[in-house]
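Read the single chain below, which is given as structure tokens and is the form predicted on its own.
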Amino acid sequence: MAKVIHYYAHPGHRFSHANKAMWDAAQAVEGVTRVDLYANYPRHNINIDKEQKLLLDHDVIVFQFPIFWYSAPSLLKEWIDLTLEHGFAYGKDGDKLRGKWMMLAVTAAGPEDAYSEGGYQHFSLRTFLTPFEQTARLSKMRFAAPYVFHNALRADPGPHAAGFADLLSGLRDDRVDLEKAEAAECLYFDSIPSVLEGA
């Protein structure tokens, strides 16, 4: 079994529609370490040693967050800035995360067709997530396709949240074909079975 850690970052959790449903669904998945960054660090005083130890103790790192201004909420960005430091994640002797997997589970308010050259966002969603993919590469991690929920303010989050729970349990049980997940553009609740062995 893989050791999976699920980091959640949403500054307005109680007002969330989709991310709250995902977080709640994830609670039913046993054997996954969960970290609510805004609950643990309301004043952004991140315990770097503790977070680095958590990363060392896990094989798969999942970051769940809503897309805010084409990036992550500020606390997750700060967490990355501080935790993935020189000598740990990159640079001289910075190979502590080598071979681990990073995966994102993101929600976007806009519909899927908005994230295209002809859409009002002008770029694909993966383009906006490039900094995270390159962070994984610089840290010698593999980067699986993000699990995405579009139109998150209006669509029913139920199927997406259930798919997220399936994804987490699949990662835990080594049932996700990570090579296939790495090759995909994005994953959605209805494409999760395509990367789950035995689904």
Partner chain sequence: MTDFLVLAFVFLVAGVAAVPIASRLGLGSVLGYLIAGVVISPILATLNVDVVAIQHFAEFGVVMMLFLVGLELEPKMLWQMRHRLLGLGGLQVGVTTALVMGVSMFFGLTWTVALACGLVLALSSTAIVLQTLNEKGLMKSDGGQASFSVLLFQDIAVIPMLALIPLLAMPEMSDVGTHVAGHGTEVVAESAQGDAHHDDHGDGHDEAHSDDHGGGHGMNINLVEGLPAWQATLATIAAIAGVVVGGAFLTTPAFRFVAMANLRELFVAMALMFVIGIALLMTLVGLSPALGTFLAGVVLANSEYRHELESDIDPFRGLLLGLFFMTVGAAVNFGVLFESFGLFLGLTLGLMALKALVLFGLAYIFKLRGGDKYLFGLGLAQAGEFGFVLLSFTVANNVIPQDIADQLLLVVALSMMLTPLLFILYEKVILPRVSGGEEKEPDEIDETGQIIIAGHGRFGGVVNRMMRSAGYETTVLDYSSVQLERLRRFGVKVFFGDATRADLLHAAGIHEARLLVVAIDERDAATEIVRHVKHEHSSLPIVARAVDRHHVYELYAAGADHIVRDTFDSAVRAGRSAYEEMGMHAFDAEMLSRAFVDDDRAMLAALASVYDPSVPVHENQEYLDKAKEFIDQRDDILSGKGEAFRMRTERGWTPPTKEDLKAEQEADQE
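Positions refer to the first chain, counted from 1. Everything quoted here is computed from the prediction, not taken from an experiment.
Below, we turn to the form predicted in complex with its partner chain, even though it does not appear here.
Judged by heavy atoms within 4.5 Å of its partner chain in the predicted bound form, the contact stretch among the candidates 134-142, 53-61, 170-178, 37-45 is 37-45. Within this chain, residue 68 lines the site of its partner chain in the predicted bound form, having a heavy atom no more than 4.5 Å away. Interface residue remark: residue 153 is counted as part of the site for its partner chain in the predicted bound form, having a heavy atom within 4.5 Å.
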